[in-house]
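Below you will find one chain, with nothing else, as structure tokens; this is the form predicted alone, and questions on how it binds or moves follow later.
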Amino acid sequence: MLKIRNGKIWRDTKGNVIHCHGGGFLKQGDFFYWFGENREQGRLVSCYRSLDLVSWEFCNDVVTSATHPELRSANCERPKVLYNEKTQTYVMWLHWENGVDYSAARCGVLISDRIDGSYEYLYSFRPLGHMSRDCTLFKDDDGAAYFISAANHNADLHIYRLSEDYREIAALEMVLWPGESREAPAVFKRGQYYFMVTSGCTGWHPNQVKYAYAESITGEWSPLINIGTPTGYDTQPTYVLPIVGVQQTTYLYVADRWDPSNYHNSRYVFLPFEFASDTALDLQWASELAVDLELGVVETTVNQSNLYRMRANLQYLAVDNFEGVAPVSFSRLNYANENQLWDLEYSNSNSFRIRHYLSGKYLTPRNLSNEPHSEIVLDEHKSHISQEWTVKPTGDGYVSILNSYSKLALTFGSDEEQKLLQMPFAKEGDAACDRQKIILARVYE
């Protein structure tokens, strides 16, 4: 059976790289149609189709900068498509931006008589005057359609009910989790419950994925619940794809793995949700998926890595020069940069050494006198206790890393310093606290 291989470069049946980010899906007959953002040479939204979710055939650049004058310099993100049975029309909603920054915060609406045809641009606007950024569509069992988008400078999520033809806003039904800054919504229904999966707002950097549930899409929603790792396996949600089989229905979490250092190196990840109860959702990593579309069953394979990236305040620990006693600094997340990879070598159940993947050297305090603000450098393995570290969980997936010898905490220096230090453990509210809150992000591939 063919397998989906997560986090890799995916190519279509002609060997070209698939450009379909922030995407959504629509099933017609035996084909799954995948619509997503394409930033290549005047393209805006591309469409692919597949019979097995592995081999994807390019169909059409369904929206381009030539589609309409308002799209000549626009960015079009997170396109989603629904079919309206009454009008027999395919309706696309997306996030429309001015191509310069994210100040426009509008939604755009397009239509087509063919699922993979060239879509006609109708208009862009702020729904009922509200800002609208990351967005999705959801069609309920009764045919009613909803547009969900991030509003109020991304602080809130709005649920709008659409008109019967799906082309306009009929009403603002809900304002969800005001002030909690959630984006990248993806909605699905399982049994009697509605689920919404979202990410936090950290730009192109991955963060904690959360979900909530409700018995009515316009009713009371649960509080947000963490799912997966603190970086969501280095992903951001875009869609949940039901695989309806004769044995069961599996719900696939569809996500982008954005590369903030190189947009065009961004990848895709599909993972099956697991349910411990009607409302308890779980998400585990899988390197590969084998999907049986007839049965609705997904088999997973995990290739476990012992490598980690270390992050604080959206900075990643890195080393660019391995010569001698090398200083340690930070850089922007870059999945192609192996200088950001670290191996945790456990000395015993309570402590470990932190080895740089490429150089084989270890994090070591430059000054062993237990003095605060001592710089941390790379040095050879001398088996000294100063090279051993312990982890102190600080909540929400963050940890502080304490030196076993000095009892001081690993601290990311300021943007100006660009140094790794050891300092006294900082309590919440202290200036150094956020720079000691570290995510040990395992490398998932």
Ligand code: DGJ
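Numbering starts at 1 and runs along the sequence shown. This one's a predicted model, so the numbers in the text were calculated from it and none came from an experiment.
The following text describes the form predicted together with the named molecule, which does not appear among the structures shown.
Visitor: Mind telling me which stretch in 73-81, 314-322, 293-301, 275-283 gets its heavy atoms within 4.5 Å of the named molecule in the model of the complex?
Guide: The contacting stretch is 73-81.
Visitor: Hey, in the model of the complex, does Gly219 get a heavy atom within 4.5 angstroms of the named molecule?
Guide: Judged by the heavy-atom cut-off of 4.5 Å, Gly219 is well away from the named molecule in the model of the complex.
Visitor: Contact between Glu183 and the named molecule in the model of the complex at 4.5 Å, heavy atoms?
Guide: Glu183 belongs to the contact set for the named molecule.
Visitor: Heavy atom to heavy atom, is Gln236 within 4.5 Å of the named molecule in the model of the complex?
Guide: Within the cut-off, so yes.
Visitor: Is Gly129 close enough to the named molecule in the model of the complex to count, meaning some heavy atom within 4.5 Å?
Guide: No, no contact at 4.5 Å.
Visitor: Can you pick out, from Gly191, Pro178, Gly143, Gly203, the residue that has a heavy atom within 4.5 Å of the named molecule in the model of the complex?
Guide: The residue from Gly191, Pro178, Gly143, Gly203 that makes the contact is Gly203.
Visitor: Just to confirm, with a 4.5 Å cut-off on non-hydrogen atoms, which of Tyr357, Tyr123, Tyr213, Tyr102 contacts the named molecule in the model of the complex?
Guide: Result of the distance check: Tyr102.
Visitor: Residue by residue through 126-151, tell me which have a non-hydrogen atom within 4.5 angstroms of the named molecule in the model of the complex.
Guide: The stretch 126-151, when checked against the named molecule in the model of the complex, contributes only Asp134 at the 4.5 Å heavy-atom cut-off.
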